[in-house]
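Below you'll find only one chain, the form predicted on its own, shown as structure tokens.
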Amino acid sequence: MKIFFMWLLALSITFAADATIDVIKKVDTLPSLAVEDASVKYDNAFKMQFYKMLVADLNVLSIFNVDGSYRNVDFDASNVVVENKDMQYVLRYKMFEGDAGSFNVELKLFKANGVVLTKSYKANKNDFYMFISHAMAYDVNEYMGEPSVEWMKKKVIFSKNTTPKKTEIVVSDYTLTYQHTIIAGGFNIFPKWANQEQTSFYFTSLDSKKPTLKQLDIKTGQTKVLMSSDGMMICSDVSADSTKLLVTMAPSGQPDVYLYNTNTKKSSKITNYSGIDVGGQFLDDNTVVFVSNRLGYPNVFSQKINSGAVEQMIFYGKSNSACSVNGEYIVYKARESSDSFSGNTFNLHLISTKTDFIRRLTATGVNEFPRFSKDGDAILFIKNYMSQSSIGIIRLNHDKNYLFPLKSGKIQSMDW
């Protein structure tokens, strides 16, 4: 398959179904939305925390022009506040404390001064307010009939460097507002969710003589060892049914991609090359995409699991790595500059296996570790720029990027 590099400065034909084509929605064509706070009990600082989180979530939806003006109102008022009378939509919410200190939120969505949506939410305590906010934005998106943003409610897991050869593995929401350290101390990297329910994850431990792949059950806190290997041991992808892993190992000194069966506890070698094959991703049940230096530089290839035939996937760039796959689409990291005396730029690009188009998704800094949401609606990635490490979100069908900085440390790797 040959991919031709094309910059799409102008289009005379609309390719609405192809995510490699920029889909640009002008701001003035989006419906307007205002937010009204009717909360009781909580102090002003927490009220503003929640309000800002909700406005951020609504902006990330990319389907509204969101008014950032904070306004109070009585929850049972029949009309919106006068300042919002010309808004096409108004979201009103009330936070209140329930039994045993539970955190409760009620939502009303107004359209033309009529209520078109009501919802109620509850969490054990207000420390989890960000997940309530994400759920509210999700429900508003569903009401609007937009493609699902289920990924908003998913947890992110990442490893961050704290001191030399010391890391922490942290579970967070996609904005990094909530953070809970699962593993502290030691040298543990490359966490990968083990299932769709996000109740367990794999990670590589470098505290032993050999890199070791381990699995931690979040509910029980129990950790078990799967296998170890000289040189390298990384789980790069998990099948949709959670029964197969793609693992990079180097038992003989050269890294290759292996298939590991979680039921039989056995592994089989997929790639067989004297150089470097790493980072396998499932393209489908029988095909993997991986990064190899078999051209003399890193590039992306595919191979059938039971075949030795290898196909080049990317024909643009001379240092292409860190790919992620969703259906027909591949997002990958490419080096855009080569400067021995200053930092280089690494951008993310999107290709389709069915067309010849390439779409650049980022512009500055070091952008890496892209991860598709399960529905392919968004891409999560790590951005390092100006000594700041951030989680980025790319809304593919809205041509918008959002960044959420990490307050301390540097993100080593992550999964969604």
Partner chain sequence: MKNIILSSVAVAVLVFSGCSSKEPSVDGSATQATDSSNAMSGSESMESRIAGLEKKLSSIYFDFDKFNIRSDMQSALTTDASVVKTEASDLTVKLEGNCDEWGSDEYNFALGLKRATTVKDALIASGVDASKVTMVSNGEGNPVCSDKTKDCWSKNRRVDFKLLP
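Fair warning: this is a prediction, and the values are worked out from it, not measured in the lab. Numbering follows the first chain given and starts at 1.
There is another form of this protein, the form predicted in complex with its partner chain, and it is not shown here; the text below is about that form.
In the predicted complex, at least one heavy atom of S274 sits within 4.5 Å of its partner chain. Mapping the unseen interface onto this chain, H134 falls outside it, with no heavy atom inside 4.5 Å of its partner chain in the predicted complex.
The shortest heavy atom separation between V170 and its partner chain in the predicted complex exceeds 4.5 Å.
At the 4.5 Å threshold, heavy atoms of K219 stay clear of its partner chain in the predicted complex, well away from it.
Judged by heavy atoms within 4.5 Å of its partner chain in the predicted complex, the contact stretch among the candidates 209 to 217, 76 to 84, 120 to 128, 91 to 99 is 209 to 217.
Interface residue among V278, L109, I157, I314 relative to its partner chain in the predicted complex, by the heavy atom within 4.5 Å criterion: V278. When its partner chain is considered in the predicted complex, only one residue from V325, M249, V238, V288 comes within 4.5 Å through any heavy atom, namely M249. Although its partner chain is omitted here, in the predicted complex none of H180, L361 and A378 has a heavy atom within 4.5 Å of it. In the predicted complex, V291, N293, P298 are the residues of 286 to 300 with at least one heavy atom within 4.5 Å of its partner chain, listed from first to last.
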